[in-house]
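Here's a solo chain for you in structure tokens, the form predicted on its own.
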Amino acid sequence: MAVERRDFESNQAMRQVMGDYFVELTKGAENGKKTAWCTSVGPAELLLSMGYNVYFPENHGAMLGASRMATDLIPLANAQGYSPDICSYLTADIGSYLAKQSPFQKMKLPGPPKADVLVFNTNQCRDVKDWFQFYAREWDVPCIGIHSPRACGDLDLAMVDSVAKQIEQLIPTLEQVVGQKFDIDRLREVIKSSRRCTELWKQVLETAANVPSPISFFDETIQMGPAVVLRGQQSAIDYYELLLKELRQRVADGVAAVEGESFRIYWEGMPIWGKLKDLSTQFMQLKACVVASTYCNSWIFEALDPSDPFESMARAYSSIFICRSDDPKEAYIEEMVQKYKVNGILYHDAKTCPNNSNCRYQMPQRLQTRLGLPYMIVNGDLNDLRLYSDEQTRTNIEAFVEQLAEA
């Protein structure tokens, strides 16, 4: 049965916004503007406030996965001593650097910009630090960062204070590299913009609580681009205001992301970047909409507060799902299941991303007991498609949706 994905009218605007961002990265570097590499949930606001071009290599990692370049590039990093078992964003990106091949070149850009400073936050995993240190050694530039608490329940003041002080301690090195003084008022302005971006992105995602949902997880993995790389900038705010208006009109008109929506699924874990189109098509054929995910909600930072920049950044970036212990994670998923009227949960067990795979320590079984919902586990990876079976996954998804129909 042929199905057609319903595109968004605002997509042209998003392509323009994202294209301008990548062009500015290149032009800025050519014109002497300093470039800071930043992990995706790192202190981007601080870097923007100090006048840096801010580049997010995890976004490049996702581009390598979505373009299916990653699988061929990963072995180049493996040959340099980076294990096939570690983050395939890391290995794909380093492989891309070694091969001098990048999706940037399809945009007629030379490739990712060279870093003048690399700034990490280990709130996601240790791999980001090891990743950035490769380039620090390669280019002989500073690599600085924040060591965040992991597997925590409630964030206490000591944890927040520690991270806040670590963010402040980045400033002297950043001042030295960029050649200008830190301005607290400018930081407040950027945080205010980031907070507004977060509010709009949350509202975009929450439109999926409607039945039928006007947007799916597969749409959201594309639409999240500005929230990742442009938070703190007006262009992200302008784009999400446009997208939100379109989504609200879809809701008013009863326009569904999946025509004939019969099942609503929650996606827990990383996307499988090289298979998003195939998976989206299969779910549409089965009249199943993946209405919500942990991943896309990871760029909602409601704790950001311009009146208290350092503490609020520390709280926002230390309270993301991946930092938490299983009890708050399960409470969060339960809340999402109820809010989005979910019929079943899909867990992606990403081989090279244990930190973002939550099906290895009995969580699916515990939540099934508590919620009474069917679940399934997809074995795969975010980037390395050698770890993914098309046939097995297709068969398992068909069986899962059959189970939902019988529930």
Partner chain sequence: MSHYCGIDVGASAAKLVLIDAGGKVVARALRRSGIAYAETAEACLAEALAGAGLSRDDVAHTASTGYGRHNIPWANDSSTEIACHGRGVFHHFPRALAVIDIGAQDNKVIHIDASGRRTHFKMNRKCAAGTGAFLEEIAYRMNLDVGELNRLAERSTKEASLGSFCTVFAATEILTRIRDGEKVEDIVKGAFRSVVKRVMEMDVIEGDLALSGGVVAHNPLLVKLIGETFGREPLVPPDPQFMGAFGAALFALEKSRKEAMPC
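Since the structure is predicted, the reported quantities are computational estimates derived from the model, not experimental observations. Residue numbers count along the first chain shown, from 1.
Although it is not shown, the form predicted in complex with its partner chain is what the next lines describe.
**Q** In the predicted bound form, which of the stretches 47-55, 24-32, 64-72, 375-383 has residues with heavy atoms within 4.5 Å of its partner chain?
**A** Heavy-atom contact with the partner occurs in 375-383.
**Q** Does the trio 392, 395 and 399 actually contact its partner chain in the predicted bound form, every residue with a heavy atom within 4.5 Å?
**A** Verified in the predicted bound form; spot residues all in contact, yes.
**Q** In the predicted bound form, does residue 387 have a heavy atom within 4.5 Å of its partner chain?
**A** Yes, residue 387 sits close enough to its partner chain in the predicted bound form that at least one of its heavy atoms falls within 4.5 Å.
**Q** In the predicted bound form, is there a heavy atom of its partner chain that lies within 4.5 Å of any heavy atom of residue 406, even though the partner is absent here?
**A** Yes.
**Q** Tell me, yes or no, whether residue 365 is in contact with its partner chain in the predicted bound form, where a contact means a heavy atom of each within 4.5 Å.
**A** Close contact exists here: in the predicted bound form, residue 365 approaches its partner chain to within 4.5 Å, heavy atoms only.
**Q** Just give me the residues of 335-353, first to last, that have a heavy atom within 4.5 Å of its partner chain in the predicted bound form.
**A** Counting only heavy atoms within 4.5 Å of its partner chain in the predicted bound form, the single contacting residue of 335-353 is 349.
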